[in-house]
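So this one's two forms of a single chain, laid out as structure tokens and tagged structure 1 and structure 2.
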Structure 1
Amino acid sequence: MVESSYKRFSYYLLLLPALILYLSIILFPIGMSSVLSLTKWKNFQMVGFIGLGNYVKLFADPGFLRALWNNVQIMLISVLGQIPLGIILAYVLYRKFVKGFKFYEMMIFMPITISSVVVALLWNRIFSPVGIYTYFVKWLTGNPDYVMRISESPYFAMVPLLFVLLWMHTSLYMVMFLANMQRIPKSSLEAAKMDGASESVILWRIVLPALANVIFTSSIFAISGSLKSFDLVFAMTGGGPVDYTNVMSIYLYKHTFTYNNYGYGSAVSLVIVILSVGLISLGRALYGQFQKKFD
């Protein structure tokens, strides 16, 4: 009895630091944000409680809705672009369809090792009106006024950014998938080949089911990463031109730190948290259904 009390006490004692950390760096800020999101600020001072006023303003603001849509686009390119492409690249390397496996692995992995700001500067140097790509097209077409007009379009301004995001992050998923593919027992593949299975059958029937867990985990990374996208977008476009490439975190940053509206900024941050948790929970539920079906 005494020993059991000691055990329980020691568990609580050992748990305490983690609990304090969790409460102070996760739950406390979320709680504070929730309270702040109900307040109005002006010139760095709280001027009163306005209930759900910030949320009403938020969802009526076309600027926020555009930022939200841009985040959805990033999420789509992450989940439907980076992950499938990562699987394909990993499979090509895993099955050694190309010579120089190590070289390709290194080259594909390289973009993720570079800082987002450097990547943004690099691609800015390429796409800018005085950049390499623009210069090349001017030379090729003889049109001295050529610039990438797609960046000035309210409908397509995100395309260059999505391209860079695809270029940069696919490699991370590729490495994760490749590592997991290498854990698939070789005997399964050999048996399949002996039975005359084609590459597509091997991919669909053996490799992908074995990767189901990691695909799910990667999707969670992709969704949460997409909703908090900031560094690359901020360094590459700053949300412009106009607000065509604005994302929620830049919108949040501007309202909180440039305009000092902490109440409104907190409302945005809470919406981001709710969306992240909601989407991840939805993904988890879908994965649960998927597992049930295959079990």
Structure 2
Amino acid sequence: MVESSYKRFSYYLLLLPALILYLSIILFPIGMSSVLSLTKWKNFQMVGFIGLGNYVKLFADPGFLRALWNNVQIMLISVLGQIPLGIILAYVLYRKFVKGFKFYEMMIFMPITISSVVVALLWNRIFSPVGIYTYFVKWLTGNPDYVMRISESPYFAMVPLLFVLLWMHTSLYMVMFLANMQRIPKSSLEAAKMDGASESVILWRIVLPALANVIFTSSIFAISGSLKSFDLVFAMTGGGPVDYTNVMSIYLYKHTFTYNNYGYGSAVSLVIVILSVGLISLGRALYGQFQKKFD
């Protein structure tokens, strides 16, 4: 009995540093943001508590709803675009369908190693109204008056950004999937080939089930990364024009550090945290159901 109590005390003692660290850097900032989100600020000073006033204002603001929708678009292109494309590219390299696969592996991985600011400048040269694409279309069609105006459309202004995000981050998932595909026993693939299985059957019946854990982990990364998108969007468009490409993190940044409204900015940050936790929990629940069905 005494020995059991001693072990339990030892466990708690060893957990204490990690618990203090977790409370300090995770729960304390969230708690402080929760309190600040209930306050009103003016000229760098808190002028009083307004309850849920910031949240009511937030969800009535078309600018925030626009930013929220843009984050949803980024999340969709991340989960339904980057991950499937990463699996396909990894499978092509894993099965060595192309010669010189090491070269292709390096070239596909390269975008993620480049700074987001450099990537933004590069693609702005292509997608701007006076960029390379506009010159190319003028040359191809012979129309000297053509100007690319996709960024002026409230419906399609996000398309260049989504394309660049797809181009930039797919390589990271490709490397993750390729590393895990190389752990699949070769004998399983050889047996399937001897039984006459096609490549699509091998991919669907052998490779994808073996990657289930990695696909789930990648989906978590994609969801959390989508909700906190900032650097590339800020460097490429700054959220403009007319907030057409604004996202929640830029909306938060402007209201907190440009307009000095810390209460309103804290409300935005708490919404981002709640959405992240909710979506990740939903993903875990769906994955749990998937495991029960196929175990």
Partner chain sequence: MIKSLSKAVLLTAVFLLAFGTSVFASGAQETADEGIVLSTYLQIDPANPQQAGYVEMQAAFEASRPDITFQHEYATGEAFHQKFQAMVASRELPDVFTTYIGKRTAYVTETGNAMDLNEYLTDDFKNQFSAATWEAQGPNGEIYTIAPSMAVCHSMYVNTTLLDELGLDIPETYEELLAQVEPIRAAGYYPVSMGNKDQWVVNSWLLSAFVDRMGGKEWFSKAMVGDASFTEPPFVKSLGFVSEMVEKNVFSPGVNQMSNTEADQEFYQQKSVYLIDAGWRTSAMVTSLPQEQQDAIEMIVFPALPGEVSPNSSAAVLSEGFGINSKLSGTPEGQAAFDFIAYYTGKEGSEIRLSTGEIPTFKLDYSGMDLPGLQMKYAQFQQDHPMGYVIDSKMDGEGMGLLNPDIQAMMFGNITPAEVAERYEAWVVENDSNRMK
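Structure 1's sequence is the ruler for residue numbers, which start at 1. Small disclaimer: the values here were computed from a predicted structure and weren't measured. Rigid core (definition): largest C-alpha set, two forms, superposition within 1.5 Å.
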Structure, 1 versus 2, that is the form predicted alone: 2
Shift of S10 between the two structures at or above 2 Å (CA, core fit): yes
Core-superposed C-alpha of S200 shifting 2 Å or more between the two structures: no
Rigid core fit then N143 CA moved by 2 Å or more between the two structures: yes
